[in-house]
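Below you will find one chain, with nothing else, as structure tokens; this is the form predicted alone, and questions on how it binds or moves follow later.
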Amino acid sequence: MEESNFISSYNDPILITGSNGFIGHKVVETLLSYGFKNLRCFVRSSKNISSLKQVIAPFDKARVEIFEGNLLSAEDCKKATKHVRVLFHLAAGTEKSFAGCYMNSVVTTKNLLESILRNKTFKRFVNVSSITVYSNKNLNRNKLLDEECEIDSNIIGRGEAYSWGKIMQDQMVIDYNKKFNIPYVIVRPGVVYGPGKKRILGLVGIDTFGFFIHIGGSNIFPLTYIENCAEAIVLAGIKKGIEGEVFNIVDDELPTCRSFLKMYKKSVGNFFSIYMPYCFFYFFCYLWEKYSKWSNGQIPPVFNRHVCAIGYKGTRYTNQKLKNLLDWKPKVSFNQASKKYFDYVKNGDN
């Protein structure tokens, strides 16, 4: 792709937060492979950056700075964003508490946005959100979930601090655009998988009770392979003419949860699982809510009907907007991606 199609040149400084994370180090690698030569990688600690160093090593002609700091520090954010043209914000709160996610998703995002207010050369803030911010409350089973779908207004009722933090983060980016005209793009990946993730992926089922309960059944599994996801994020940061757009990231050839579980067992190793139909699990969640209320919250309503509907109601997904506006298509097919993932889980290969 020609540099003339990008909002910045190959030598412009680019900041990547969460650059040593599962997705972050792949975003760094993708930027370098595209030819960008001036990257600043924000890390909380320089102790666990082996994956990041591995992807940087082959690009010895590029200037890659590893910036150690804390996004909760306004001063660190000012230093990290100095002269930056594009910012890829992947760092986020993954704590189970709402307070923790507020601090590490919302406050950190505000600090970054504040730090670039006086940066006259700034081109784009790419906020990496999540497909979990949507509600399918008004969607019938097997209907399409796309970028026009409503954001969940009862996210606290789900008890999912991470998703709540992402919604608050997205809204803050939008608010700063309205108040201060900070250009932005929001990307919302589905379930990202690949070498680096060991556990069987969510939405297929749960293993809370000591064995695996398969709930997903014939539901479509909104997967995106790590390399495909990283390229979509990079394109969202550099392509011209897409300011203010939102993109959901899912791959082609999406399997059902049932077929994915079958492939997982065949490729990685068989294990005991029980299939629970959606209606049964929904009733189970109803009973759990009632018991939680009866116990005055001593047992939190971690299983509730809202979570059940979001995760297992059954929804279809699309990546058409990515293809239309970013000229993106998955480089790694599902067959190739699943094989790499299953091999990693089974053998620990990178």
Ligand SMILES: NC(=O)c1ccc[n+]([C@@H]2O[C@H](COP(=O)([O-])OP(=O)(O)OC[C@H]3O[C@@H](n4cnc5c(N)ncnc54)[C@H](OP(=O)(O)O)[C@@H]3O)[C@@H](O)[C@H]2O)c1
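Please read these numbers as outputs of a predicted model, since none were measured by experiment. The first residue of the sequence shown is number 1, and the count goes up from there.
This next part talks about the form predicted together with the ligand, which is not shown.
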{"query": "The ligand in the predicted bound form: contacting segment from 150 to 158, 85 to 93, 207 to 215, 173 to 181, heavy atom within 4.5 Å", "finding": "85 to 93"}
{"query": "Proximity to the ligand in the predicted bound form, single hit among Lys313, Arg44, Lys323, Lys37 (heavy atom within 4.5 Å)", "finding": "Arg44"}
{"query": "One residue of Val246, Leu71, Leu203, Leu254 in contact with the ligand, assessed in the predicted bound form (non-hydrogen atom, 4.5 angstroms)", "finding": "Leu71"}
{"query": "Non-hydrogen atom contact Lys197 with the ligand in the predicted bound form at 4.5 angstroms", "finding": "yes"}
{"query": "Non-hydrogen atom contact Ser115 with the ligand in the predicted bound form at 4.5 angstroms", "finding": "no"}
{"query": "Proximity of Val234 to the ligand in the predicted bound form, heavy atoms at 4.5 Å", "finding": "no"}
{"query": "Contact of Phe342 with the ligand in the predicted bound form (heavy atom, 4.5 Å)", "finding": "no"}
{"query": "In the predicted bound form: members of 8 to 38 within 4.5 Å of the ligand, any heavy atom", "finding": "Gly18, Asn20, Gly21, Phe22, Ile23, Gly24"}
